[in-house]
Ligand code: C5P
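Just the one chain here, the form predicted on its own, laid out as C-alpha cells.
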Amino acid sequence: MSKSALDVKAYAKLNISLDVTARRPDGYHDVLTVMQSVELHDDIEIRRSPGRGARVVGDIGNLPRGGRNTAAGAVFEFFSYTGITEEKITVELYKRIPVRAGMGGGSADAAAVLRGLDEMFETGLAQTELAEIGSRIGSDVPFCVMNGAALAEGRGEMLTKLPSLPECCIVICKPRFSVSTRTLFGRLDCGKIQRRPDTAGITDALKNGSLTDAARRMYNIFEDVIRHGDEIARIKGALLGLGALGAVMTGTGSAVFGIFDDGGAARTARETLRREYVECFLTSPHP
C-alpha cells in the first residue's frame, strides 16, 4: 500500500576537488569535480493529500518560493515525468545544512524529495531515472540522488562512481558571508586559471583507500577567485594547524572543511573554530 507520509534525509555534499575546464555555448561551464556526501543532513517530511500542487514549509526564514525552491521543483518534475496529477504534496524541511555554503543543501533536498516520492507512490524508478529528473532541477541534484563519492563532469550530471573517503572525521566551518554562485562563475576566466587540482591523483587515492593522499591533493580553483580569499585562507590555515590532513573550500563557498584521521583533534578543531564562527560542524563521510 502506498504511504500518505514519510520521512527522508537529505545529505550534504562536499567538493574534494573542483576544477572548471571550459565555458559552454549554453552559458554553463564544464566542471571536473570529485564530490563526497557526508552525514550532515536535513530532515524532510513528505505528506500527500487530495488536490494538486506542492507546498514547502520550513524552519528557516527566507525560504525560496515557487520555482526557485528546489524541493517544490522536485515535486513538479516528478509529477511531470510520472504523469501523476491528482495529488497535493506538502514538504516540511528541517534544515541543518548551511544555506549558500557550497554544500548542495537545496540540491540535497530536491534529491531526497525525488527518492521519497518514488517510495511514496511506488513508481519503482531506477536511480538513473531519478538522476535524469534531478538534472532538470540543478547540476548537483543527480549526484545527491546517488550519494557516496563520484567524479562529476559536464554540468555535473555525468557521474562516475568512486569509493567513498576512508573512515575519517570532517570539520566544516562556514564564515558569516555567503557567495553568489552565478557571480563567482561570471568572474571566472577559464583561460587564466593557473593552478588546478590533481583530480586524477584524488581518484586514484580513493580507489587505493588512501585518506592522506586524497586529503593532501584537495584543491578548489574558486579559492583564487572569491573576494573573501583571505578569510578562506585563514580558516584553512586554522584547520591545518589543528591537525587536518588537508583543508579546502567546498563548491563556490563559503564553507571550508578539513579532513582528520584523529577524532580528538577534530573535536578540538570544531570547538576552537566555534569561538569565532557559529556554523561549525563535525561529521563523517556518508557511504
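If you're wondering where the values come from, they're calculated on a predicted model, not measured in any experiment. One rule holds for the numbers: they count along the sequence shown, beginning at 1.
As for the form predicted together with this ligand, it is not shown, yet the points below apply to it.
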Spell out, yes or no, whether the shortest heavy atom distance between residue 185 and this ligand in the predicted complex is within 4.5 Å. yes
Close approach of residue 197 to this ligand in the predicted complex, 4.5 Å, heavy atom: no
Would you classify residue 181 as touching this ligand in the predicted complex, given a 4.5 Å non-hydrogen atom cut-off? yes
Residue-level question: is residue 29 within 4.5 Å of this ligand in the predicted complex, judged on heavy atoms? yes
Interface residue in the predicted complex among 96, 88, 155, 216, criterion: non-hydrogen atom within 4.5 angstroms of this ligand: 155
Counting any non-hydrogen atom inside 4.5 Å, which residue from 147, 203, 139, 164 sits next to this ligand in the predicted complex? 139
For the chain shown here without its partner, which stretch in 237-245, 29-37, 48-56, 253-261 has non-hydrogen atoms within 4.5 angstroms of this ligand in the predicted complex? 29-37
Using a 4.5 Å heavy atom cutoff, which residues in 211-243 contact this ligand in the predicted complex? It's fine if the answer is none. none
